[in-house]
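Take a look at this single chain in structure tokens; it is the form predicted on its own.
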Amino acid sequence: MKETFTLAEMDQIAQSIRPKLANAPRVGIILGSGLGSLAEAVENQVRIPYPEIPDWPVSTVFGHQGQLVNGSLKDQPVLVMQGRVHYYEGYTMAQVALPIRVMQRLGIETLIVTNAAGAVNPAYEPGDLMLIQDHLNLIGMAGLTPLRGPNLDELGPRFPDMSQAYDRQLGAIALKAAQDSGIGMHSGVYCCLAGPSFETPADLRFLRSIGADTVGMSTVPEVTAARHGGTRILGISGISNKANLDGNTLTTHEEVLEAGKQIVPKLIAVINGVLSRI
């Protein structure tokens, strides 16, 4: 398992992708569990399966199709990751963040990262959207970070600032796009855990007490790498299940995928609204 990647290795992967692209992408989009069908909205699309890309990590989780989709959305050249990998699949943090690094080397300026997240805030309902205003990096606080190892000064500083991990201007645009489409959107804090087990009721009560509104097993390592490289980020959680603070309900991956069917049309409307405004 690769613990670090050199700049030359990242560039080699980018060079293998570049000739296959229909256009040079400006915006990267990561689609989480059950959200992959959003990629169908990409126009004039070119698809590149992950196994065809050297060293690209391949998702083992059902609901992550595992391909890059290049084309246009609202006249914006995009590169969509239809599925991601997670630390719990056995990948290193360097491998989890590798797609972000490669997208940066391909010229991505803005990253829209989405996920299916469990509700911690009891006011949230399955199918809701939440703008990620900030995150709790519990997995990173425990030492699991894609920035571990030698710093690549060409990408970013040794100690990157994370006080504004999520771009405030993009967040305001997303809230306005949701409002204009008649879609309610919460704003809150996303918490990243390692997984793959879902949280106990005590876990959720603890997370709620420290300020989390949603919880999941992805996103934060990607955001950390993206901010290290100076990429602007918009983060959106799709709420996949109700907060189980009392332990009276069971949470399943099938439930997460089913909620995606409600979330995707809303996400398409919001992302299209953002892309038409930037």
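Quick caveat: nothing in here was measured; it's all calculated off a predicted structure. Quick note: we count residues from 1 along the sequence shown, nothing fancier.
What follows is about the form predicted in complex with hypoxanthine, which we do not show.
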| query | finding |
| --- | --- |
| Proximity to hypoxanthine in the model of the complex (heavy atom, within 4.5 Å), stretch among 113-121, 72-80, 133-141, 97-105 | 113-121 |
| Hypoxanthine contact at N241 in the model of the complex, heavy atom, 4.5 Å | yes |
| Exercise: S37 in contact with hypoxanthine in the model of the complex, heavy atom 4.5 Å | no |
| Partner proximity in the model of the complex: F198 to hypoxanthine, non-hydrogen atom cutoff 4.5 Å | yes |
| Residue contact check: M217 to hypoxanthine in the model of the complex, 4.5 Å heavy atom | yes |
| Sole residue of T60, Q45, Q65, T251 within 4.5 Å of hypoxanthine in the model of the complex, by heavy atom | T251 |
